[in-house]
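The chain below stands alone, shown as structure tokens; this is the form predicted alone.
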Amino acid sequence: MGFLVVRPGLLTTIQDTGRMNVGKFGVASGGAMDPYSLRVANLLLGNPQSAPALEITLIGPELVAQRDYWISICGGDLSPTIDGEEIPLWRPVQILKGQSLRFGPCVSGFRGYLAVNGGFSVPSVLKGTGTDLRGKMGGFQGRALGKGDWLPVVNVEQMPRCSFRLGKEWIPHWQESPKIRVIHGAEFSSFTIQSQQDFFTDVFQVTPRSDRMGYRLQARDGSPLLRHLQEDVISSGVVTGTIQVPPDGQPIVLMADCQTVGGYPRIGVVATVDLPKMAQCKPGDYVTFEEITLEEAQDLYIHQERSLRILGMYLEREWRKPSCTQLT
């Protein structure tokens, strides 16, 4: 049992929170581009935060349920409907056997995350269930979904869901021109004073050459970021959020499927809590960068993790209440 894929959408893959400790083998950590939305979608259903869910890019799929399920959709607003009826984001929703889940126009954001009670049933590869498109492993047969695929779901007892909505403090507001917080990269000081200033004052556009590996940006006025000397940089380890500057002077923000080693100078690193903001930008959107310290980035991350832990405990408490009834 599970879901039948009637239409696969633009790019729909199974993702989790990424593979840990595999970078030393040259394997990308991968996982959801917007891990916050995936984690909350799972929490809403009582799943482990890292349970495999669908990452839906811009144009969503059409899925038919093969039995009754509870689902939740978080992230970008891609206008989801069940049998033509609009359904809310960021809360549990029931889909009945034979009903069709479809997606419409993209209202905000770029990627949506569909979780199902129990999680999708896919094998673990290198301690992760996410799809590695370049490595052709993980997820559903190591590829994006296709027409006619059957998505199996872990068989768990159906649990009643509480009729609650998340407060506004839990739900991100996706902007077309977000401000992304960044700490200095290893080679920041090698850039000219003017380029250092431009990096934090210019407006950059997300180009169509962007994907899950990296977001290629273009300064709105076309000005390149320049270094004092154009000597080569010794290749070294990089992580998701690293901002590299190739010879053309236009930055690249490394994303979930990025390589593990890079040889371009690193002008900055996106704060972990702002990676979802970056991931929800679509080609044509603009971003600006705001300078913060490593300590500030760490504090923001700690606050987010504490908040998610509190949310998980709150939801678990609500489900245990006698008044916790199914949504209709």
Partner chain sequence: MAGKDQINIYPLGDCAVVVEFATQMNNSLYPYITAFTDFIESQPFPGFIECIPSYTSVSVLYDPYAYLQYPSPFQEIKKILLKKIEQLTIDSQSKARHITIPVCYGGEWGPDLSCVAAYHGISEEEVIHIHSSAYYQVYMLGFSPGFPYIGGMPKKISTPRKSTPRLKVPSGSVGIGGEQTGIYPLETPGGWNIIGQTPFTLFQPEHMPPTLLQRGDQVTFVPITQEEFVKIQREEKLKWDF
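From a predicted model like this one, the values you see are computed outputs, not experimental measurements. Residue numbers count along the first chain shown, from 1.
FYI, the form predicted together with its partner chain isn't displayed, but the following is about it.
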TL;DR on 144-152, 183-191, 222-230, 72-80: the one with heavy atoms within 4.5 Å of its partner chain in the predicted complex is 183-191
Would you check, heavy atoms only and a 4.5 Å threshold, whether residue 309 touches its partner chain in the predicted complex?
-> yes
Indicate whether residue 125 is a 4.5 Å heavy atom neighbour of its partner chain in the predicted complex.
-> yes
So in the predicted complex, does residue 9 come within 4.5 Å of its partner chain, heavy atom to heavy atom?
-> no
Is residue 165 close enough to touch its partner chain in the predicted complex, meaning at least one heavy atom pair within 4.5 Å?
-> no
Looking at 218, 210, 242, 94, which is the one with a non-hydrogen atom within 4.5 Å of its partner chain in the predicted complex?
-> 242
State the residue from 278, 271, 65, 45 whose non-hydrogen atoms include one within 4.5 Å of its partner chain in the predicted complex.
-> 271
Residues in 16-41 close to its partner chain in the predicted complex, defined by a heavy atom within 4.5 Å, in order | 19, 20, 21, 22, 23, 24, 25, 26, 27
